[in-house]
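Shown below, as structure tokens, is a lone chain in the form predicted on its own; questions about how it binds or moves come after it.
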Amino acid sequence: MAENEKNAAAAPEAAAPEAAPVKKAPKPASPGTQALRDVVSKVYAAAWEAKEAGRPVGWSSSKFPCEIAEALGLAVVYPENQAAGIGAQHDGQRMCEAAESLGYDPDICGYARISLAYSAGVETTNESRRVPMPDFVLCCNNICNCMTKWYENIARMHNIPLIMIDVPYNNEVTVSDSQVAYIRGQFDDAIRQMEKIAGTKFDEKKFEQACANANRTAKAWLKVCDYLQYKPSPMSGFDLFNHMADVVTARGKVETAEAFELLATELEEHVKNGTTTAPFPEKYRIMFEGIPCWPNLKTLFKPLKANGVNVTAVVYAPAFGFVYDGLDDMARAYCKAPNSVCIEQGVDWREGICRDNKVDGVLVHYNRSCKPWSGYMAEMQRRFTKDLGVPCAGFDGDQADPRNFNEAQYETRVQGLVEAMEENMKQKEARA
């Protein structure tokens, strides 16, 4: 035997190079989920195509009436969606710090800071959320008043038109006729301004089609949300958070309606078969109150999964389900955003969702980026416990800036909620 062959034969097996760890392949997306992913990609691609062709591109707040821009054929992207995507891809802190270096206070909304940094020319490392710079901005303050200053700053940076629709905070449950007339007048003014930007006249038939698409999308989206009522839920509420990009960026497009209808069909099959896409057995059901911490989604999910806690009710997702009939009703619908309604209506909405979706507890996100939403959450928690008899737990966090989230605190609060729900169940069983 040759010398080198002897050495090879004598070499111990341990000397062999270690194999690289095998990565588990992700499960393929369902047809409905894939269709929804494609919708968002097309919105971003259409904006770049418009910019390259010399057509105007707008940046819009998520609850500005998208139907107007859709009817005029204007390409529009949504800074809130962009900021959430940047945060989810762990580039939010760097962008927030860049905005702070420009003089923006760290106490303002993380979405705003990310967007203002990007608007000022700070590039994001998340290539999928890069958008062309705006030629006009569309703002509606039914979300919060921070939107107004945020979009005013973008307009000043680029010396471009700002089209603003003011939706007053409503202290009553109903929307008055005078409030509708006030908002309708602003719709008419916005149409005139956007006609000049688009270089074309407003087409009533195209507008009616955009409204029909938006209503169809909203109804399909709300139907998807309603499937969380079943036991076991055919999916996790975290899936709704992932699908929100579509209802934000493309409500007025028929492709979005078709994709949500396809997803609803898939969920119906899960209900019929008693199956679920949730990756763990459902032991407890909770409402997640508020906007999720996009940079920390995995961290949010981990202790819930470990304790069999499924999110079966959310407020943030169905808030984009605008259903209406005609322009007056459309004005009323756009008044019904979570931050523009009185506390009584806010409580009724949430308690209705909790009852319908059969929750055992409530997990409240005290969001540093959304003070209008978080400000009355302590009172909300008190009412949930009193009216529904379910335990609540709150944690501090942020929708975009990871510096405001503490993992240890969150895990402790989840564990406390689980223990309280378990004790609640034991007491119910003892009384039965």
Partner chain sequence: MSIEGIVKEFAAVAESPREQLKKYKAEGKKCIGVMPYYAPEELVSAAGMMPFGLWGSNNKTISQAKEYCATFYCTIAQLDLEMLLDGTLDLLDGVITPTICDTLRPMSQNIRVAMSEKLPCIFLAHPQNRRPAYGKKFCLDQYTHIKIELEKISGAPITDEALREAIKVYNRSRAARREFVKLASDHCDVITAVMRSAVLKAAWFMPKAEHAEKLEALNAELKALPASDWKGVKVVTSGIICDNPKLLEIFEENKVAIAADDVAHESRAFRVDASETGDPMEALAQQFADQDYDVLLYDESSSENRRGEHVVRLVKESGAKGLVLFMQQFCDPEEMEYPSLKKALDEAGIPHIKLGVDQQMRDFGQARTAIQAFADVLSL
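Residue numbers count along the first chain shown, from 1. Being a predicted model, the structure only gives us computed values, none of them experimental.
Although it is not shown, the form predicted together with its partner chain is what the next lines describe.
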Legend entry - Residue stretch of 253-261, 339-347, 294-302, 308-316 approaching its partner chain in the predicted complex, non-hydrogen atom distance within 4.5 Å: 339-347
Legend entry - Proximity of Y376 to its partner chain in the predicted complex, heavy atoms at 4.5 Å: yes
Legend entry - Contact test in the predicted complex: I143 vs its partner chain, heavy atoms, 4.5 Å: yes
Legend entry - W150, heavy atom within 4.5 angstroms of its partner chain in the predicted complex: yes
Inset, instruction - May I ask you to check whether D105 falls inside a 4.5 Å heavy atom distance of its partner chain in the predicted complex? - result: yes
Legend entry - Listed residue that, although its partner chain is not shown, lies within 4.5 Å of it in the predicted complex (heavy atoms), from Q209, Q179, Q229, N215: Q179
Legend entry - Option touching its partner chain, based on a heavy atom within 4.5 Å in the predicted complex, out of P402, P372, G394, G32: P372
Inset, instruction - Using heavy atoms only and a 4.5 Å cut-off, decide whether all three of V77, T265 and K358 touch its partner chain in the predicted complex. - result: no
